[in-house]
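Okay, so here's just one chain, in structure tokens, the form predicted on its own.
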């Protein structure tokens, strides 16, 4: 049976068994990994995942079931199972589940790589990855590199989503990613550890766009200098320029997650946490007028790119914070119904086994108009924290802590010597309220965002420019 027919057959079965709403998703991943440690290949693998997930509403309750057996008999049984799950839950719910009306798509779209993933052979890819080890190992003078772990991955994600209220989306999105971990060590001075993830939608053209050779050479040189030259951060209150890498992480954790409407309503409390945002807080001030945070799935090349979500709703930019005010939440059709708004296309599922839940995509702090030189030119005594090596945030996304990795003193408007282990420990509102200037250079960083039970990890971009905070007291982490 052709793939499209499998989806429509399952929808038909669910409708005939009593579902007032049904949504079938045929979802596949064709994934390849190469793992290298210190220049030696330790693993090459390929995995193919393909199956169908069915979500139904019956008697006001949701049911979800999935299978990787794509036969008529199995899909009939799948519909029976999803219906049974929903009916068994219906007597327990206080308020029936309803989905909002939506302008659903009927679209076929795909990302076409400039350089297809198969335009290089496996041996050529391995050689390029092994060259990164040579660059790293030859970029130190006194320190050692005991560990350089590199994982390269390619994934082609294909979905057919159809709903009983006429939505139909077929999408094909290839993605490429790199994850690396570096340890730079001197027995008498300790160690510096750096992990980083890069990723994008598209093809092998991103290996050139990442410019990883140049960046690894620069990074390793800086980490060695931190071991031998860095001093302690200042203990008095200072102005702080926070680098775009940290800004991207902060907006993901302290804006994106607490703006998920299912989390606000308590659905995620026992799974991925709570939110400091409560129903009715739209319009409340969270930061200065310089603060605007956007979640936009439609950015070309974005690791979290998509044009329609897994409920067939068109994707669009969402202005979560706008000019310092809580402006909009991330919604699926269920939370949109509760809030009396339209879904903004934020439902995503990791694979066919997973139900669609509210997720971020490409979340970023909107850039301003300052060059980096303008951000630091009037700072008499301050700190620039470019990157981080450790972070944490509390369950409600309010209190957070970031330990800087590459960081510098600012004296008289100029970058001076490296400092080691500065700590930015701050509340969400204090961070956004302290921002008085925003850089103009928007940069994105890849991540795999976790949420749900069972856990789901989906690709996202985190981004922003550099931002300036006034009058901040930094801590210092032990070496």
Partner chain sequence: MKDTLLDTANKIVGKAVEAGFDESMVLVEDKRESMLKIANSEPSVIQFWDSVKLKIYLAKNKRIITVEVDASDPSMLDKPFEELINYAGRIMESPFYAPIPEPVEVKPLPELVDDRIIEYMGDPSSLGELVIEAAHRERIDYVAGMIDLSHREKALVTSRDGEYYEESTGMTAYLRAFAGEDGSGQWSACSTKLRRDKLEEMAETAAKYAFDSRNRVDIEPGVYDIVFSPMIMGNLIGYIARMASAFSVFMGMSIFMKAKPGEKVASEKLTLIDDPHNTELPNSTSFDDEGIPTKPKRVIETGVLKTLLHNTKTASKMNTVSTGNAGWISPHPWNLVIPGGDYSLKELISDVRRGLLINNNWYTRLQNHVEGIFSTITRDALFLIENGRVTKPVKKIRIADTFPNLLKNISAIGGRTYDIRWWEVRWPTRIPYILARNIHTSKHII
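Because the structure is a prediction, the values reported are computed rather than measured. Positions refer to the first chain, counted from 1.
The form predicted together with the partner chain is left out here; the points below concern that form.
Engineer: Considering the partner chain in the predicted bound form, which of 130, 327, 137, 298 comes within 4.5 Å of it through any heavy atom?
Structural biologist: None of the others qualify; the residue that does is 130.
Engineer: Can you work out which of 146, 116, 221, 280 has a heavy atom no more than 4.5 Å from the partner chain in the predicted bound form?
Structural biologist: Selected residue: 146.
Engineer: Could you tell me if residue 391 has a non-hydrogen atom within 4.5 Å of the partner chain in the predicted bound form?
Structural biologist: So residue 391 counts as contacting the partner chain.
Engineer: Taking the partner chain as it sits in the predicted bound form, is residue 400 in contact with it (heavy atom to heavy atom, 4.5 Å or less)?
Structural biologist: Although the partner chain is absent here, residue 400 would touch it in the predicted bound form, with heavy atoms inside 4.5 Å.
Engineer: Taking heavy atoms and a 4.5 Å cut-off, does residue 439 contact the partner chain in the predicted bound form?
Structural biologist: Contact with the partner chain, no.
Engineer: Is residue 443 one of the residues lying within 4.5 Å of the partner chain in the predicted bound form, judged by heavy atom distances?
Structural biologist: Contact with the partner chain, no.
Engineer: So, a 4.5 angstroms cut-off on heavy atom distances: do all three of 367, 413 and 417 pass it with respect to the partner chain in the predicted bound form?
Structural biologist: Per the other structure, none of 367, 413 and 417 touch the partner chain.
Engineer: Where, among 167-175, 103-111, 368-376, 79-87, do residues come within 4.5 Å of the partner chain in the predicted bound form by heavy atom distance?
Structural biologist: The contacting stretch here is 79-87.
Engineer: For the heavy atom contacts within 4.5 Å of the partner chain in the predicted bound form, list the residues of 37-62 involved, in sequence order.
Structural biologist: Stretch hits, in order: 37, 39, 40, 41, 42, 43, 44, 45, 46, 47, 48, 49, 50, 62.
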